[in-house]
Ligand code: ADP
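A lone chain, given as structure tokens: the form predicted on its own.
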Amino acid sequence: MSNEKLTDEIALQKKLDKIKHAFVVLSGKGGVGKSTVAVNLGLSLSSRGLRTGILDVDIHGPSVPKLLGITEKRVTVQNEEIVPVELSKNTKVVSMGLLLDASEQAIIWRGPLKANVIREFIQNVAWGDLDCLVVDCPPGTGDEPLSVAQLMGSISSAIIVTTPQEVATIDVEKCITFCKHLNLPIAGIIENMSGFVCPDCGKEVDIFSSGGGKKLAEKFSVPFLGKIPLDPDIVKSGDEGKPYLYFYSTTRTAQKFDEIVEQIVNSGKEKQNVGQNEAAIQKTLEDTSEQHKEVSMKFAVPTYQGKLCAHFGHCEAFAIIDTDSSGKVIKEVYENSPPHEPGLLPRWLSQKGVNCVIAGGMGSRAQQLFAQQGVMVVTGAQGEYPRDVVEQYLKGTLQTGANTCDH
């Protein structure tokens, strides 16, 4: 791996470390209201006080800015980072539509260019600390959802949107297969446009039949999150650029969105990882047999008197910690630090197979030397015991602050 590529990987990982969970909103078919669902799920999450980002990766047809009423706004660049548009205190938004000079401007790109800009939207955006990132993908299983799933990795799960009729659920089955191939957990399926309640007589009519989403969830043993009815006010709010959950918060349809989000949030509380599919986690743990565990990552944590050392240069021993493919610690040993000669520690730890150092603080020159050895560095770690620090990092709950010895 080249130094430039390694630097990019480290930058991406540092950004992902600040995002607790990403919901990748997918649909196998266009016209199912996926963007509307994604936007309103994001608004419902932020209304709970959760720090929420909404990322629109539909490069060719970005509709999130229109749905949120921010088509006239533009992202800015500060300190070589893209600054998202702030919809509210807890809601940040990035979309290709917030970069274009005019709404009718066409993007004519092939796959590699789209993959690169999606990486930019994650790696080089000043998202800050997020509890949730809702990612609105274009229909299908092409370049955009593939790039998102691969970049987000273990912090992500999919929310799949369908309409009730069979012609839609057939395409959504491909979406479920896509997730299984990529080991992307499925948080659940939402059936959109499920029934229409007449505003005059109150009678409910199943225009697109009913129950297709639930049947699909049962067939593939994934959670069914609920139904969202056809609502003329959703169309009206989208056309007028008025966020539905803000302007129609007391309606039955708005309550449906909130009920779905309540399921998602509650399902992830035990893991401190909003929205993570617990069944998928449990299956992963069961599939990793105790007799055949393989080392997935090897961490080094500088310590002083058995606790995390705030200054890398003051380390008396390193905790060398092996984890398996499920993120479980399988071995922990302590090795005395060799003499602190320039460039020695990065080579020494690299030779021991370490691929990640978690430290309270480390100078920029030392970080560069580790990067040259292919070792990732996490600085600003807060905690006491090395094992706890590593486990928190793997769960995405590690608290980090300022680099305590950035010199």
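Residue positions are given as counts along the sequence shown, with the first one as 1. Since we're looking at a predicted model, the values are computed, not measured.
The following text describes the form predicted together with the ligand, which does not appear among the structures shown.
Peer 1: Ok, Val222, Cys132, Ile321, Ile228: which has a heavy atom sitting within 4.5 Å of the ligand in the predicted bound form?
Peer 2: Residue within 4.5 Å of the partner: Ile228.
Peer 1: To verify the annotation, which of these, Ser95, Ser156, Ser147, Asn192, has a non-hydrogen atom within 4.5 Å of the ligand in the predicted bound form?
Peer 2: When the ligand is considered in the predicted bound form, the option within 4.5 Å is Asn192.
Peer 1: At the 4.5 Å heavy atom threshold, is Val205 in contact with the ligand in the predicted bound form?
Peer 2: Taking the distances in the predicted bound form, the answer for Val205 is no, it never comes within 4.5 Å of the ligand.
Peer 1: Residue-level contact is defined here as any heavy atom of the residue lying within 4.5 Å of the ligand in the predicted bound form; does Gly31 satisfy this criterion?
Peer 2: So Gly31 counts as contacting the ligand.
Peer 1: Is there a heavy atom of Val261 no more than 4.5 Å from a heavy atom of the ligand in the predicted bound form?
Peer 2: Contact check for Val261: no, nothing within 4.5 Å of the ligand in the predicted bound form.
Peer 1: Using heavy atoms and a 4.5 Å limit, would one call Thr52 a contact residue for the ligand in the predicted bound form?
Peer 2: It does not: once the ligand is placed as it appears in the predicted bound form, Thr52 has no heavy atom within 4.5 Å of it.
Peer 1: Look at the stretches 358-366, 345-353, 35-43, 371-379 and give the one with heavy atoms within 4.5 Å of the ligand in the predicted bound form.
Peer 2: Of the stretches listed, the one contacting the partner is 35-43.
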